[in-house]
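This document opens with one chain alone, in structure tokens, the form predicted on its own.
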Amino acid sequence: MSELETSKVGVNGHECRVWRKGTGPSIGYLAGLAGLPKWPLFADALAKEHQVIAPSVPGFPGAEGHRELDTTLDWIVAMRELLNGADLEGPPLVGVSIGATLAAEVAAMWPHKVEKLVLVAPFGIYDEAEPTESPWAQQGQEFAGLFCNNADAYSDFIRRPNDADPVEWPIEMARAREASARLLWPMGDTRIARRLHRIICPTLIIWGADDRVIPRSYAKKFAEAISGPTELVEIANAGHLVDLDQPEALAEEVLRFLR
């Protein structure tokens, strides 16, 4: 397996970090609510068969520029710019949580630019009969315990890297929460339900069996709205952030789908 490589892409005049690792066909990976404070085990597992390209989304660790994005359309256009700059116009996209929301939005707006799509517990729909939990109403271990079955997995993932400034790091993680709120606050509803029919590529929808943030019934709502062929998979012993709770099991399903 190749070493982790780092490059930069400009989006709206701000730099966004892009990580690459692995060999083989390229796939894009858009991470969840914590962004990419470090290279995750899930991406390492994917890199056994693919070159994994993981761009940092504006406002999340490794990127700035989220304050330029005021509307859902702003976010979608910024993501197109980011993905194009990262050589991800065409390859499959894998997104988790907010990353899945952004991947779905791109696939809906430019349906012929995404070969395959993997959505792991995306936000974007809101059903008053089955409301989602708010990411912005949680703090500390309360947040970790709600979003992961294994709260320690989340805490370990967001722990300050050795090369990060100890003063700046809490600010950087708070910035990620702010960035997610700019897109999803208050109900996580981007009105994507109106655009999902535009997704025509084969799509794998994955949910954690113990997701306490977005009801599992939302998986069916996404699948029924997408025009292309869809497959639903549930991962046991996983909460909302399946990539942190069950990285190997999630990677196995994704690799199977991409083969």
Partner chain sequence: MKQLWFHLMPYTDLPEDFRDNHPSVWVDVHSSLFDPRKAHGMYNDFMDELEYAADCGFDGICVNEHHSNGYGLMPSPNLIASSLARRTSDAALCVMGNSLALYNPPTRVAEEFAMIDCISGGRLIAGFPVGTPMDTCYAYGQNPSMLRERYLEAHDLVMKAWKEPETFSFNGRYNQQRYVNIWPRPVQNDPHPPVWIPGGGSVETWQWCAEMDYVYCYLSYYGYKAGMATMKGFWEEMDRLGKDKNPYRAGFLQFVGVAETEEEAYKLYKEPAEYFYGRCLHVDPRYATPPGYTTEATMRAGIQGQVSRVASDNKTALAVDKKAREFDAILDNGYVIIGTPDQVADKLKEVARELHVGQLMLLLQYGNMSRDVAMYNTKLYADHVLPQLKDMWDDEWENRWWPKPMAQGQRSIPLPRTLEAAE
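These numbers were taken from a predicted model, which means no experiment stands behind them. Numbering follows the first chain given and starts at 1.
Note that the form predicted together with the partner chain isn't included here; everything after this is about it.
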{"query": "Segment assignment from 118 to 126, 67 to 75, 99 to 107, 86 to 94: heavy atom within 4.5 Å of the partner chain in the predicted bound form", "finding": "67 to 75"}
{"query": "Non-hydrogen atom contact Glu178 with the partner chain in the predicted bound form at 4.5 angstroms", "finding": "yes"}
{"query": "Touches the partner chain in the predicted bound form: Gln138 (any heavy atom, 4.5 Å)", "finding": "yes"}
{"query": "Contact test in the predicted bound form: Asp152 vs the partner chain, heavy atoms, 4.5 Å", "finding": "no"}
{"query": "Residue contact check: Asp156 to the partner chain in the predicted bound form, 4.5 Å heavy atom", "finding": "no"}
{"query": "Sequence-ordered list of residues in 182 to 214 near the partner chain in the predicted bound form, where near means a heavy atom within 4.5 Å", "finding": "Arg182, Trp185, Pro186"}
